[in-house]
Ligand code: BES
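The chain below stands alone and is given in structure tokens; this is the form predicted on its own.
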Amino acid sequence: MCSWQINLSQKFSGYEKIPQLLAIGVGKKDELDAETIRRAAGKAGKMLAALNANTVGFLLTPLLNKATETDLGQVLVEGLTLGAYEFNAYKKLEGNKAKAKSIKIICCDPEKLTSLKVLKIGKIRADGTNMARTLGNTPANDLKPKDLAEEAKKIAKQHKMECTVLEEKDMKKLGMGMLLGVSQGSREPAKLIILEYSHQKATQTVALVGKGVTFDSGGISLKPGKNMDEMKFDMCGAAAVLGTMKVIGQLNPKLNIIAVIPTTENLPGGEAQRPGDIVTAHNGKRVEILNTDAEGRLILGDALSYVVKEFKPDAVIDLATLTGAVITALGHLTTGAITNNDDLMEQVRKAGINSGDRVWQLPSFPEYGESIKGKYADLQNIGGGDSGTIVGGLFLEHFIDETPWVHLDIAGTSWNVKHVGYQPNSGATGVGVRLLVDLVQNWKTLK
């Protein structure tokens, strides 16, 4: 993986000595925007990472600057750093390739369109995204719930946050029967990770909740064997929240932020949860388990109920690789959203446009929720077979106690996204990190 070192120069000189010039087309002038430029920079980053160059440079011009409301320098450094990402920790490489590359970036800015501070912000945002990518790409034998907890502790130590890790005995006392039910089939104990960032000038609190199933076999409702290896990506919501907190610790937004990560494996062991079991959630609701592969909503439900009760946040955002149905609806280029608050949804939508992590709101009319009314309990964990993404989101709504909330289903956008310049050709994308960072940095009090 490349390590980028950033410098800023107001002078543009020495161009006659440039040994190589890389040109990336960006389309029509009147159609330029931040995402187009970010993607072009990402393509350049991929190409530059493959070269032996130790110094690269780019020139800022007013033409490109007018194309984006976001600082052009930030967008370009972000795209370059994202595009250069490689996951090769498990490959035996020859010679110098085995060592991390260090590339010096010189931003030529004769008209003072950006600043070194802004360039560094672009790199910080990309580094947080790349961290989430690496967590997602790490195989499940090396990334278990305890390992996610260790990552959270590192972030807390580096950035002076509070970190609490609840063990299964703690969850049992709190009545988290849904989360504990999912973890029953695994020898690896589940964890509930809480990271707290505080700002002395903050007047509001936002909670970020990320699904952390480090491997999802489906449990007793076993998934087909084909592509089951990809179920290591079922913790990409947790990865996004951890990457976001790493960025937040460096940018210091004027907001209190609570990150909560329920993390477990979902395996078909001898003690595994069975279809037909009924469990009691943290908020006291009884839930009938009809399909053990609909586990994400169970662990998120307990986490959402916990954070709402204990921290009383002004808003909650959850991210989860929740349903395959969202891919049918939106493909791999857009994240699906369910919400109970239009004002919060609009802030999330705008953050998606600014960051490139685009979001599309799905309907959530009450009639969709009829299919999860339980036959033998208050709720059941799956519906009638259609509108799966909406039904999954409406299940979660039972655990947020009317707190303004947006659920982001990232199952389609978390890995193997094609035709986006700064995304890897395969593997985790780190989706959600830059969206959440934009959201909290530009936070506005809800109406």
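All residue numbers refer to positions in the sequence shown, first residue = 1. Bear in mind the structure is a predicted one, so any value in this text is a computation, not a measurement.
The next section is about a form of this same protein that is not shown, the form predicted in complex with the ligand.
Taking the partner from the other structure, the ligand in the predicted complex has a heavy atom within 4.5 Å of a heavy atom of Glu295. For the chain shown alone, Ile327 is a contact residue for the ligand in the predicted complex, at least one non-hydrogen atom being within 4.5 angstroms. The ligand is not shown here, and in the predicted complex it never comes within 4.5 Å of any heavy atom of Val417. A residue is said to contact a partner when one of its heavy atoms sits within 4.5 Å of a partner heavy atom; Lys223 meets this definition for the ligand in the predicted complex. The partner is absent here; in the predicted complex, the one residue of Thr339, Thr323, Thr114, Thr138 having a heavy atom within 4.5 Å of the ligand is Thr323. A heavy atom within 4.5 Å of the ligand in the predicted complex is found for exactly one of Leu394, Leu408, Ala40, Ala411: Ala411. Residues with any non-hydrogen atom within 4.5 angstroms of the ligand in the predicted complex fall in just one of 314-322, 175-183, 195-203, 236-244: 314-322.
Of the residues in 374-396, only Ile382 comes within 4.5 Å of the ligand in the predicted complex through at least one heavy atom.
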